[in-house]
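So this first bit is one chain, no partners, the form predicted alone, shown in structure tokens.
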Amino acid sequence: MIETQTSRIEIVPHDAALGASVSGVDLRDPLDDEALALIRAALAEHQVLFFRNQDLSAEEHLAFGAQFGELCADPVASLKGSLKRISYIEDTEERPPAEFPWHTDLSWLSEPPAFGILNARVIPDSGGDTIWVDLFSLYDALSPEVQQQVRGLKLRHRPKPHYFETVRVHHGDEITDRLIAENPPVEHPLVRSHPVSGRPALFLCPLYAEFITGLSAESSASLLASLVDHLDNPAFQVRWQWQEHDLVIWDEASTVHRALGDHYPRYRRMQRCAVSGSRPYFREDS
């Protein structure tokens, strides 16, 4: 029997709402069509895939990501004429962890990323876990009355003012003003039909959420608060304790995530890229 890439791959679901560990593959090597199809199917089913012992250079990381689609350019770098596709998250004693609230990356774009990919380069001896939430299961767990209420609503997404202030400090007025002008607030459906399966997910991003359109300020704040509360429920989560050279790829359309900052002041360095996505939509027949 001839051994193939696919025959060596093992996928083990986690005992959690989402997530699976994948072994038997070296992501420095290109995936053949069958292996790529297997991993794509596993990602669609489990939403987050975890790979241990993947020591990828920046070039290898980008090559892996490009197998899933066109890679996203950093919005600021693009305005400066850069083709930058890779970035780093570095936590130091001088630069504490951001500890962003629950989010899906760049939801303030008209076409947010489809997948996020992180490779752990330096990991502290403790702390710094990342948690993902299953937005399919969260929507399914809502009462029929609340499901009916949120279907068809739209949530306005926009970066917080601090983001633009930081860009202005580091990149100047011209780049910041163009970034604001070319990225006005966007309205995405609060319930999103998944672009592959069509399954409905609660497309909720507290980091960038401003308000639900069409509701009073009070009603919007009350509904958002009640929905956001569900994100902290461990029944909808998977938590990952990083080891050096772990690689994780996740579906941005059906999850939110956040990284814990409890490793401070220890050093942590993560290498990341993202795969371009499509404009979110909702169909009642999904």
Ligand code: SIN
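Counting begins at 1, following the sequence as shown. Computed from a predicted structure; not experimentally measured.
Below, we turn to the form predicted together with the named molecule, even though it does not appear here.
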Exercise for the section: With the named molecule left out of view, choose which of 138, 209, 118, 191 has a non-hydrogen atom within 4.5 angstroms of it in the predicted complex. Expected result: 118
Exercise for the section: Taking 4.5 Å between heavy atoms as the contact cutoff, choose which of 253, 238, 259, 56 touches the named molecule in the predicted complex. Expected result: 259
Problem - Heavy atom distance at most 4.5 Å to the named molecule in the predicted complex, all of 89, 242 and 272 - result: yes
Fill in the blank from the handout: In contact with the named molecule in the predicted complex (heavy atoms, 4.5 Å), from 147-155, 98-106, 167-175, 67-75, is stretch 98-106
Exercise for the section: State yes or no: in the predicted complex, is some non-hydrogen atom of residue 183 no more than 4.5 angstroms from a non-hydrogen atom of the named molecule? Expected result: no
